[in-house]
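Before any questions on binding or motion, here is one chain by itself as structure tokens, the form predicted alone.
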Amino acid sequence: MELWLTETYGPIRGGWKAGGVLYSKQSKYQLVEIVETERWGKTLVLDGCMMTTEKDEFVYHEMLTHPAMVSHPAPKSICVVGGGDGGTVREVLRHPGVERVVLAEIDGDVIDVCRKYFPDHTSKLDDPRVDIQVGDGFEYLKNHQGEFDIILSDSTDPIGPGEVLFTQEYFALTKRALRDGGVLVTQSHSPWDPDSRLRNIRDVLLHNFSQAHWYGAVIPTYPYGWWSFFFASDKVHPLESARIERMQEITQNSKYFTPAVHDAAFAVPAFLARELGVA
């Protein structure tokens, strides 16, 4: 009998041939599972949704992190909201000059299980520059205004514990937690999903920042295979401010991100431009 990991998202369903369940535990917030899959290796599954895999995780983590890091003039203090698998912290610390990375993850069980099953993801969590705060990232930012150059919102989908991280109140909070000229990047689901609320997310961001730029990346194990992000700032533009020398330096060790990928990611297809109101 074959074992398959399946994920149902609205009217679509994905399936991945699996070797077995390595870990399964209900945390305080969600069902945390590690599933061994034939094609993608070990997979972190939260409440039945694939979050990260060994084989394609680099796309998400590189694209969440590097567009902001290569565009900000001097990113020294970074906050990662969510991201308990550690991959975003790892990518942040590829950039010289970073002095401090706060990982604000609500579910400590996610951090613990990823340390065991995803050692590459979590390889930088013990770096002395990393400050792990187990608790609500929303609450953490309330008490740390004006501290960060970049905030990377590495959240789950806008349901359950991740729902608050897509609200007007949250984006206003990130604005206050950023230093002058800071950058916020948030994942924003797939543009193919009619319920992704991309226009709403952009509108809310523009209520707090003077710029909100959509960009995308291909991630095969995520619903619809095409994922998106928003880059928000008052002073930093992801194309005009990006520094080629930093992009080239990162490219030496990256698996997905390059200067050409950076530029192309911000090209908005016509149908989506009309949906976002930028056509």
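Note that the structure is predicted; figures quoted are calculated from it, not measured. We number the residues from 1 along the sequence you see.
Although not depicted, the form predicted together with a further copy of the same chain is the subject of the following passage.
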Check: Does at least one non-hydrogen atom of P194 fall within 4.5 angstroms of a further copy of the same chain in the predicted bound form?
Finding: yes
Notebook entry, point to check: Does at least one non-hydrogen atom of Y23 fall within 4.5 angstroms of a further copy of the same chain in the predicted bound form?
Noted result: no
Next item on the list: Answer for V218 alone: is it within 4.5 Å of a further copy of the same chain in the predicted bound form, judged on heavy atom distances?
Entry: yes
Note to self: Is it the case that G19, even though its partner is missing from this view, gets within 4.5 Å of a further copy of the same chain in the predicted bound form, heavy atoms only?
What the structure shows: no
Next item on the list: From the candidate stretches 41-49, 230-238, 54-62, 24-32, select the single one in contact with a further copy of the same chain in the predicted bound form, where contact means a heavy atom within 4.5 Å.
Entry: 54-62
Margin query: Residue by residue through 249-279, which ones have a non-hydrogen atom no more than 4.5 angstroms from a further copy of the same chain in the predicted bound form?
Written below: T251, Q252, S254, K255, Y256, F257, T258, A260, V261, A264, A267, V268, P269, A270, F271, R274
